[in-house]
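Just the one chain here, laid out as structure tokens, in the form predicted alone.
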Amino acid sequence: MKPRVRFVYAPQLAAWRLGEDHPFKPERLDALKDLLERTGLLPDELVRAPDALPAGSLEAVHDPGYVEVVRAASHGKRLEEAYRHGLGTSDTPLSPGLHDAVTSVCAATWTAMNVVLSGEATRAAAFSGGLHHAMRDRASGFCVYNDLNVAIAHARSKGARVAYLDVDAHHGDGVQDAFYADADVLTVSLHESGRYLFPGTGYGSELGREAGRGWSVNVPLEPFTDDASFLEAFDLVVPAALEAFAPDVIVLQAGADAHALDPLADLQLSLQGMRAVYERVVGLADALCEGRLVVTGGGGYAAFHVPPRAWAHAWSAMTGAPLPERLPEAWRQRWRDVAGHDLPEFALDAPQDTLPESRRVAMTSHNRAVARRVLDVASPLWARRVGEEST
């Protein structure tokens, strides 16, 4: 039996801008939707308009004063105060209507979570979301509000245990920070090490505090990590963490900037490797929480070359419907002018060999050691937490 799935979408989710030359391009979502429609993977009945975000949802995870500053700054007011909250910078510039635009993104991710919690569908995607750097009272790393935290807080209000898995090249610091002491939220992030990449966090020693001790898990990876090493680290840590935690729902932040072509990170995954990750996550959801899975987008700055294809593979894994080997020519023609360059012909990457063998061996050995060390330190904490919860 095919899984029940929903693709949460509204035109405004792809229509806002942080700036004409800014690397974050929300119109990736329209390119993705168009690709899925042209390949037959997105019939109209699977598209779900987002519900209005319930009152108080932003304030549940963001300081109310910060929300007011963002609202005012979106209309050109309180700009100096906004700057002190991380807005108006080159990373996170201000633009007219910013509050409403990012609130819409939060509404989409909240809706995806509610669709799954309510039983309307087993799996839901809100690829407009994944704004994992936004903090309680501060914008950071292109992120103004944290849609993931909004959705997770909603699930927690319904009594659900949430496993959050982040495979963006950048550490999911805003989500970790929000739930660092929460025993009912597991955060797992595989990312390029903060020694080399923004936001400079996500070390193996960041394990949570108080009731949440052990339920923050980080696997910092070396630059130029390839498919084989990423998947080895994933397989060593992620299934064990999720099995120990026993979630009611899994949230995947499927940032596409771990791809070798991304200009803002240094990992070297291919679309083949990324698809393998998505398939593993779907399998874990099926095995551990009756398939309940929410997927968002995230980073991805080779904007029309990689994210639409990566997230099409994520959607394919969610639906069980294969993506055609060759991309529709009509899709390539439509988005060529937007991208400003030719787009790939195929759904997967051509084979590539990006690292000399000596560097590959060193990188693989380092990542394997990091993953095993994380597992050695965290496993006793998981066992202790599970024991405490069962008594």
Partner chain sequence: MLVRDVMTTPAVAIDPDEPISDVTALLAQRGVRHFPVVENGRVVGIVSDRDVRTVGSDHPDARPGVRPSDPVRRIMHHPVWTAHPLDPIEDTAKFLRDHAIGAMPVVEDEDLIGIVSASDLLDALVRMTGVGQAASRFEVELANRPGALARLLTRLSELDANVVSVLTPYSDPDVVRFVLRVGTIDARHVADTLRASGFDVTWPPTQP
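Numbering follows the first chain given and starts at 1. As the structure is a computational prediction, the values presented were derived from the model and not from experiment.
Keep in mind that the form predicted in complex with the partner chain is missing from the display, and what follows is about it.
**Q** Can any non-hydrogen atom of residue 170 be found within 4.5 angstroms of the partner chain in the model of the complex?
**A** Contact with the partner chain, yes.
**Q** Give a yes/no on whether residue 89 approaches the partner chain to within 4.5 Å in the model of the complex, heavy atoms considered.
**A** So residue 89 counts as contacting the partner chain.
**Q** Looking in the model of the complex, any heavy atom of residue 142 within 4.5 Å of the partner chain?
**A** Result yes; residue 142 sits at the interface with the partner chain in the model of the complex.
**Q** Using heavy atoms and a 4.5 Å limit, would one call residue 201 a contact residue for the partner chain in the model of the complex?
**A** Because a heavy atom of residue 201 falls inside 4.5 Å of the partner chain in the model of the complex, the answer is yes.
**Q** If you check 266, 226, 81, 182 against the partner chain in the model of the complex, which one has a heavy atom within 4.5 Å?
**A** It is 266.
**Q** Under a 4.5 angstroms heavy atom criterion, identify the one residue in 77, 158, 195, 136 near the partner chain in the model of the complex.
**A** By the 4.5 Å heavy-atom cutoff, the listed residue in contact is 195.
**Q** Please identify, from 145-153, 183-191, 290-298, 89-97, the stretch that has a heavy atom within 4.5 Å of the partner chain in the model of the complex.
**A** Heavy atoms within 4.5 Å of the partner chain in the model of the complex occur in 89-97.
**Q** Need the contact residues for 3-36: heavy atom within 4.5 Å of the partner chain in the model of the complex, sequence order, or none if there are none.
**A** Stretch hits: a single one, 23.
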